[in-house]
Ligand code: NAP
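Next up is one chain by itself, shown in C-alpha cells, the form predicted on its own.
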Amino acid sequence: MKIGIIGLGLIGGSLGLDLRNCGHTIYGVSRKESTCQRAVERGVADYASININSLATVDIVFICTPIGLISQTVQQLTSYLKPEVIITDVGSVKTPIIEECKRLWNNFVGGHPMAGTAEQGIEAAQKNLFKNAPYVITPTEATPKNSIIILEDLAKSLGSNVYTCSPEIHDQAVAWISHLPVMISVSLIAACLGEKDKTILNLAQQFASSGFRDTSRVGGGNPELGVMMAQYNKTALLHALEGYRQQLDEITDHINKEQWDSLEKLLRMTQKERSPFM
C-alpha cells in the first residue's frame, strides 16, 4: 500500500518507521527540506517532499500535524487525491475535527494513536512506539465501513490495541485521562511557583524527586498542544475540571474539619480503584 504521512515529527515519523517495516511504501511531507532529507536517511519514508501534491498516488493519508492544522490540511489535499483515498488523522480531539473534515472529504476516518514521549521532531521518531498502546478509531454513521476496516488493520499491524467509539465518547474519556491531568499538572507547578518565600521555594525545588516529577511531567509539555486541548475539547474538559474541583473541595473539607476517617476511606478507595487505569 502507498501511504502518505503529513508531519514527520514523533508520531508521523514513528508511523513511517513501523508502516514501512510492514512493507508499505511511505511518502512523507514536511514543511522543511531538512526534515524530508532526514526522514529518508532514517528510514521513516521512501520519499519525502515539502509539496503536498507529492501524495497524488497514495491510498491513505495520515495527517500528523497539530490539531489546529488538520482541517486546513485536508482542504489542501482535496484537489490532489483520488476520491477513494482514505484520509485519517492522529489528533487527540475528535468531535470538532471530524465535523470539519467530513464536510471536506467523504472518506475521512478519525483516529488517535495514544502513544508518545516528551521528545519532538524527526529525531524523536522510534520503532514500536504504538505497540500495546491504544489506537482509537472514531467513525460516524456516514464513515465508509471498508475504510474503517483498512485503518483497523493498519493499526493492528503496529501492534496497537484497537478501540472504536464515537467522537463524543472519545473526547470525554480523553478529557479525564489526558487533558485534565495536563491542566492539573500545570496548576501544581504554578501553585508551587506562587510560594512567596524564596527560601521555601528553593528548598522545594531541591527536595522534589520522583513523586513530584511524575505528577508534574505533563505540565512541562508542549504549551501549544495544551492550549489546543482546551480550545478544541472545551466542553469535555470543563466537565472534567468541574468534577475535579468538587473532589478537591471534598478533600479540603475533610482536612479542614479534621475528618480523618473520611479522608482515609477516600484514600483506601482510590488505592483500590487505581489499577484499572494502569
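Residues carry their position along the shown sequence, with the first being 1. Nothing here was measured: the structure is a model prediction, and the numbers come from that model.
Separately, the form predicted in complex with the ligand exists; it is not shown, and the next lines address it.
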Report summary line: Testing 139-147, 162-170, 192-200, 87-95 against the ligand in the predicted bound form with a 4.5 Å heavy atom criterion leaves exactly one stretch, namely 87-95
Report summary line: Picking from Leu69, Ile251, Leu241, Val227, the single residue whose non-hydrogen atoms come within 4.5 angstroms of the ligand in the predicted bound form is Leu69
Query raised in the report: Val182, Leu77, Ala115, Val174: which sits within 4.5 Å of the ligand in the predicted bound form by any heavy atom?
Result: Ala115
Query - Contact check for Ile6, Arg31 and Cys64 against the ligand in the predicted bound form, heavy atom at 4.5 Å - result: yes
Query raised in the report: Do Ile11 and the ligand share at least one heavy atom pair within 4.5 Å in the predicted bound form?
Result: yes
Query raised in the report: Any chance Gln120 has a heavy atom within 4.5 Å of the ligand in the predicted bound form?
Result: yes
